[in-house]
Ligand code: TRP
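Below you'll find only one chain, the form predicted alone, shown as structure tokens.
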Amino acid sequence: MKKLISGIQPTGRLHLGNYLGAIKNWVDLQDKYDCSFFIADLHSLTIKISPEELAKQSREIAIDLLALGVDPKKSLLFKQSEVTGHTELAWIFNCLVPISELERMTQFKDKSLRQPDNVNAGLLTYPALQAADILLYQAEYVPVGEDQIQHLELSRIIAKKFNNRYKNFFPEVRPVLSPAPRLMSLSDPKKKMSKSLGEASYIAIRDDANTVAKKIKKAVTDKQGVNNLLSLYSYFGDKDKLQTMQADYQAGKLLNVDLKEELTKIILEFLNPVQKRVQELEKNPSKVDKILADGAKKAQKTATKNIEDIKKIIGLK
């Protein structure tokens, strides 16, 4: 099978937007590709995060991914920082990519505005590390949302620059677009569901029943808001009931309270078994540690071989 790789930062709690926009797609792709998924803890250092938070959130996100269906029998799951080679290759790529290419990245501009007191070099060179994450394993496919296409395109440019300067080593990376559209915020349906908008914006995978009910109850119900709630229902609910609610909405007969009650019910039906698996994994930390260690060991084997070949190609060996 063709190699596919993707990563997720351990910053904040996983929410339904993350699941529908990425994780659900990862789970579905496991039977079609040779998959590797990593926790991008090195990338998270570009924001202000305490050592305690980073360690805690890295572990929690590993557990959440396993509970949501990432299967260690089908895919590798590991922490980015546990595999040497990511940062080595990122430095090599930093010496290939022009600063102008990095400065035009939308994500760099957006993050610089969001954290004006912490515009660090890592924010600028983030795409070089991202390219290394992919190309270190000679992956050919990356599952992405439309808002990530620009970074993936830069990875392709970096690969071409390396191949043209030295030797044809890296394959052409292709996107596997997530079929799910962007999920919008419960509190501001004009914006994408995001942890940066506050807890009222999203439903977290670990939210308890009371919290889920409160967040949905307070969700905005203007025209965009109702459409957002119906869209969210469409991913988890009954299709016939959805059609009935959509027809009632068009006819002006859909009560917001009824829509919110139905949405709460089906969201909890989805979350309950996931949260049970989370609890089981948290009671068995050695199992989680072994999965991550085994994943890192296998990833390291590939990374070591490819880094040795790359060093020979560019004259470091």
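Don't overthink the numbering: it's just position in the shown sequence, from 1. Remember, predicted model here, so these are calculated numbers, not experimental data.
There is another form of this protein, the form predicted in complex with the ligand, and it is not shown here; the text below is about that form.
- At a distance threshold of 4.5 angstroms between non-hydrogen atoms, Gln9 is in contact with the ligand in the predicted complex.
- Heavy atoms of Val142 reach within 4.5 Å of the ligand in the predicted complex, making it an interface residue.
- Within this chain, Phe38 lines the site of the ligand in the predicted complex, having a heavy atom no more than 4.5 Å away.
- Contact annotation for Ile134: at least one heavy atom lies within 4.5 Å of the ligand in the predicted complex.
- You can rule out all but one of 117 to 125, 134 to 142, 97 to 105, 209 to 217: in the predicted complex, only 134 to 142 has residues with a heavy atom within 4.5 Å of the ligand.
- Exactly one listed residue, out of Gln148, Ser75, Ser81, Ser187, brings a non-hydrogen atom to within 4.5 Å of the ligand in the predicted complex: Gln148.
- With contact defined as any non-hydrogen atom lying within 4.5 angstroms of the ligand in the predicted complex, His43 is the only contacting residue in 42 to 57.
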